[in-house]
Every structure is written in C-alpha cells, then in structure tokens.
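First comes one chain, alone, set out as structure tokens in the form predicted on its own.
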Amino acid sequence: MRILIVSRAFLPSLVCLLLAASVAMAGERDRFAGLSGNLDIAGGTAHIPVMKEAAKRIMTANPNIRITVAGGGSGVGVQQVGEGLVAIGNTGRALTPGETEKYGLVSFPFAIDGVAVAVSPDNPVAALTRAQVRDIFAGKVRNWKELGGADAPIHLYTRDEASGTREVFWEKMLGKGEVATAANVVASNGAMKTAVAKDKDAIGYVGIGFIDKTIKAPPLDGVAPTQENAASGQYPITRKLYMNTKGKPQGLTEAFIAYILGPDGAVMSEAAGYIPIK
C-alpha cells in the first residue's frame, strides 16, 4: 500500500485547495437548492449523452427533481418545446427565423460538434474527398472498388429530415446535393453507429462525439475528423449544439441550462467528445 506523506509546510496549501474545490462543487449544487418537480427534455440525439449525465448527477443530489431525456431529432425538439410538451427542445442546428418567430423560442448553444463520414473498420478505403462523398450519396458511385476498396456494392445510410446531423451533413458536406432514394434511413446517431458497425459495406455519418472503435471515420480531403481539427477550423463540417426554450427559462429549467453552461457541463461535454462553448 502506498502512503502519501504531506509535510506540515504544505498542509495549509492543501487545505486551501480542497476547500476551494469543495466551494466550487457546492456552487454547482446550489443552483438546485430548494427546487423540485419534473423537467422534460427532447430533440437532438447528439445531446443525449450530456443531458443524461447531467440528469443523473442532478437527481442523485436532489431527490425531489425528476428529469426525463428523449431523442427524436432536432425537428422533434423544436416542435415539442414550441407546443409546450417539453421544457427544453434540443437541436443540432440553429433555429430558423420562422421557428423562432412562430414559437417564441430562445436558444442556448453549449458545445461544438463535427459531423464525419463513417464506414466499417473492415473497409480498406482509408480516405475520401468531399467530391467522392457527394458522388457516393448521390448514387453516382455505387461500388467500393471505384474508390480503391473491395468489389462490393455501397450501402448508403442517412437520417430523416428532422435530424440536425442530417441537415449539417447535407448543407456542408453535400453542398445541399442529392441523397439517393435507395439510402437506408436510421433514427439517431446511435442507430447510425450501430448500423454502420454491423455492415462492412456501409457508409453513413455521425457526430464526431459518437466515433469509437466500432466505426471508422476516414480523413476528408486529408484532414482527420477530430474535435481538435473541428475546433481549429481545419475540419469544416461542424455545428453547434443548442438547448431551446419557449421564452426565457425560469426555475428548474433555468437552473438546468446554467448547469450545462457551467464548469460541470463543460466537463460532461468534453467527456462526450464535444467542445464546450465558453
């Protein structure tokens, strides 16, 4: 067993550090002091890891607070918060002027994410250009051997039109170009990752925060789709993640948003693979 020996001279400094950390943690918890009730959240699926972790931490420390987190995509987030069905509607894109005016929504961006092409780790194609990706999704390139891969048909996967991830991919990667009607439609970033991981001939797209060893994200025009490259601007397919409320948030909703925008929220966003907005 290793024993940590602290000199008497160092003790006052150590006590100050521990006290400062305790005060900071208490400050985060103080946001919810005296609050109770339910908080329902829905919308963008890229947000879910951060929202669920925050909900777990808050409910563990505050038994009188209950938080539910659902997906559905950015379109669902806008519709449900606009119609008063949830307190926070998440989107992986900025609201349109029409959505803001129709529902009186207020946006709170909290993190930056990139969107990357995803293929099976077994796919030998090691890199792609944006022109190649556009041709693949338009159905002009249909076999992996045209890209230096195996002689196998390309299986396309995309998201439905309510998806903020799809909208960013369509606008910034495909230049608002065509997506072949033969593409398989999946419901979330998590479902996309699972579908691509199980299909060695697949190609789809996910938020960079969802990339792990089960899928491969080839460099695009020579730039690896990492959060570091997204933050520096080298990787161009990026978007902000937003929380949206109907009017100015109050009470538990206001506290939750402040918590996500605070130090704990930044840690949770980084852990989920995103870049916190400071």
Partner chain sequence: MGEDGVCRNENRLVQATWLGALYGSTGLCALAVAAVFAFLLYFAAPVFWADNAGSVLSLAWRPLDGSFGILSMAAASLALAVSAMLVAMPAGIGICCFTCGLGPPMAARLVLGLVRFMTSIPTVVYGFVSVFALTPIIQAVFRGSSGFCWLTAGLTLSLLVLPTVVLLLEGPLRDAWEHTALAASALGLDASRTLLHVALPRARRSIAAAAVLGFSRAIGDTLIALMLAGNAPQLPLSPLDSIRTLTAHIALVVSTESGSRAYNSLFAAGLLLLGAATAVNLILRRLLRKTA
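Residue numbers count along the first chain shown, from 1. Only a predicted model underlies this, so the values are computations on that prediction, with no experimental measurement involved.
What comes next is about the form predicted in complex with its partner chain, which does not appear here.
Trainee: Can you pick the one in Leu85, Ala131, Ala126, Val185 that has a heavy atom within 4.5 Å of its partner chain in the predicted bound form?
Mentor: None of the other options qualify; the answer is Val185.
Trainee: Among 118-126, 204-212, 69-77, 105-113, which stretch has residues with heavy atoms no more than 4.5 Å from its partner chain in the predicted bound form?
Mentor: Of the options, only 69-77 has residues within 4.5 Å of the partner.
Trainee: Taking heavy atoms and a 4.5 Å cut-off, does Gly148 contact its partner chain in the predicted bound form?
Mentor: Result no; Gly148 lies far from its partner chain in the predicted bound form.
Trainee: Just checking whether Lys193 would be counted as a contact of its partner chain in the predicted bound form - the rule being heavy atoms within 4.5 angstroms.
Mentor: Outside the cut-off, so no.
Trainee: In the predicted bound form, does Val141 have a heavy atom within 4.5 Å of its partner chain?
Mentor: The answer is no: Val141 has no heavy atom within 4.5 Å of its partner chain.
Trainee: Given that the partner is absent here, does Glu178 sit within 4.5 Å of its partner chain in the predicted bound form, heavy atoms only?
Mentor: Heavy-atom contact with its partner chain at 4.5 Å: present for Glu178.
Trainee: Of 129-162, which residues get within 4.5 Å of its partner chain in the predicted bound form if you count heavy atoms?
Mentor: Stretch hits, in order: Asp151, Ala152, Pro153, His155, Tyr157, Asp160, Glu161, Ala162.
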